[in-house]
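Only one chain comes next, encoded as C-alpha cells, the form predicted alone.
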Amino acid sequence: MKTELSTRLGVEHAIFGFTPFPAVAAAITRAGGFGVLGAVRYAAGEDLARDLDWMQEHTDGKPYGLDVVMPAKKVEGVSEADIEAMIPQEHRAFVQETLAKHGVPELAEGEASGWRITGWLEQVARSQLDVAFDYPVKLLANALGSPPADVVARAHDRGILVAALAGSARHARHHQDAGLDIVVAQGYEAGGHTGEIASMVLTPEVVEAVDPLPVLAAGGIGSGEQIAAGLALGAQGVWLGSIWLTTEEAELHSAALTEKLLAAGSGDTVRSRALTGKPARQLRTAWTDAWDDPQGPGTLPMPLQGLLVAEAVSRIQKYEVEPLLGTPVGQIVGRMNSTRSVQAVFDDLTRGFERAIDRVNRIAGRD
C-alpha cells in the first residue's frame, strides 16, 4: 500500500492515523503506518513533552507527526479570561439546568475541569509547537485551516511537511496558496469538525484542484476496500481517526463510552455545534439534542462554546452519565463493533485492500 507520499515519509502503508492517544499513535507507526498525535488536549507544554518523550521510546525510530488546532489569523491581546467574560449568563444557566435534569454530580471541591478547549487558542497552540519542534516530528497537521505563515516557515526550516484539513476544493486551493505540502480532503462523514461534502465527491475535486500536491482522503474510511477507493480517486493515502477509538491502546477511560461506540450504528451520529461552536460530527446524545433544540438558547461561536461546556463535559465523563455521554466520531462508527489492537485493525485494513485490488484486477481481466 505504497504511494509517492508514503515512500517520501518512509512508511510501509499510506495510512495516516490521527489520535489523541500517544499509545495509539505509536502503535500505528509501529504497524507500518504514520501515527499523528493530536495536541489539542495539552494545555501544558511539559505534558506534551512527556508524551513526545514516550513516543520517541515506542516508535522504533519510525516517523510520526503532530496535529494542532491553530487559526490562520492572530487576535492580539485577548486572554482566556477575556473570552470567558463574553459568555452570556443565559447559556451558563442552561448548562446547569441540563446537568441537573440528568442528575450529574458536581466536581469535588477544588477539583479542576479535566477537559479544556484551551488548545483552540493560538497562544496555546504556539506553545505546543515550541515543544514539538525539539522532536523529530516529520509532519505538522492543522485542523483549523492553513497555519500562520511563520509557523509554516518554521516547520519547513526543520524539514517538516505541513498539512491541513479541507472540506471543499476552495479550502484546498487556499492551503496550496499558503505553501502547504499536503491537503487532507475530509468528507462530511468524518468525526469532529467537518463540512457538507461527502468523501466520494470531495476527494477527486480536491485532487484536481491542487494537483500535483498530494491529497489524503478522509471521512467514512474504515476498511481496506474504502482505502482502495480513496486511492483510486487520486489520493496518495488516507487519514483515519474514528476507527482507533475502540482499539485496545485507546485511553477513553470509560467503559460506558466504549460500549456506546461499539453499539452505535452509522446513523447514530450528528453534526452539532454543542461541543465547540463549530459543526462537529459526534455521537448523538441527550446533550447534543438539548443544544440543537430550537427552544434552547442555541450554541455560542468558537471558542466561547468550548469554554462554556468544558466543566460540564468533564462532569459527564467522570460520572459516566450515559444519556449525555458522547465523543466526536464519524459515521464509520457502524463498523466499530469490537475492541481490537491497533495491529489487528491494520491487518484487517491490509487484507481488505488486497481483496479490493484483486476484485478490480478480475473485473479488468488482469487476474
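Don't overthink the numbering: it's just position in the shown sequence, from 1. As the structure is a computational prediction, the values presented were derived from the model and not from experiment.
Heads up, the form predicted together with a further copy of the same chain isn't pictured, but that's what we're talking about next.
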- Message: Please determine whether each residue of 228, 232 and 361 possesses a non-hydrogen atom within 4.5 angstroms of a further copy of the same chain in the model of the complex.
- Response: yes
- Specify the contacting stretch among 142-150, 272-280, 100-108, 204-212, defined as having any heavy atom within 4.5 Å of a further copy of the same chain in the model of the complex. 204-212
- Is residue 122 close to a further copy of the same chain in the model of the complex, meaning a heavy atom pair under 4.5 Å apart or at it? no
- residue 262 within 4.5 Å of a further copy of the same chain in the model of the complex, heavy atoms: no
- So in the model of the complex, does residue 325 come within 4.5 Å of a further copy of the same chain, heavy atom to heavy atom? no
- Considering only heavy atoms, tell me if residue 302 and a further copy of the same chain come within 4.5 Å of each other in the model of the complex. no
- Item | Stretch 237-267 - residues with a heavy atom within 4.5 Å of a further copy of the same chain in the model of the complex | 266, 267
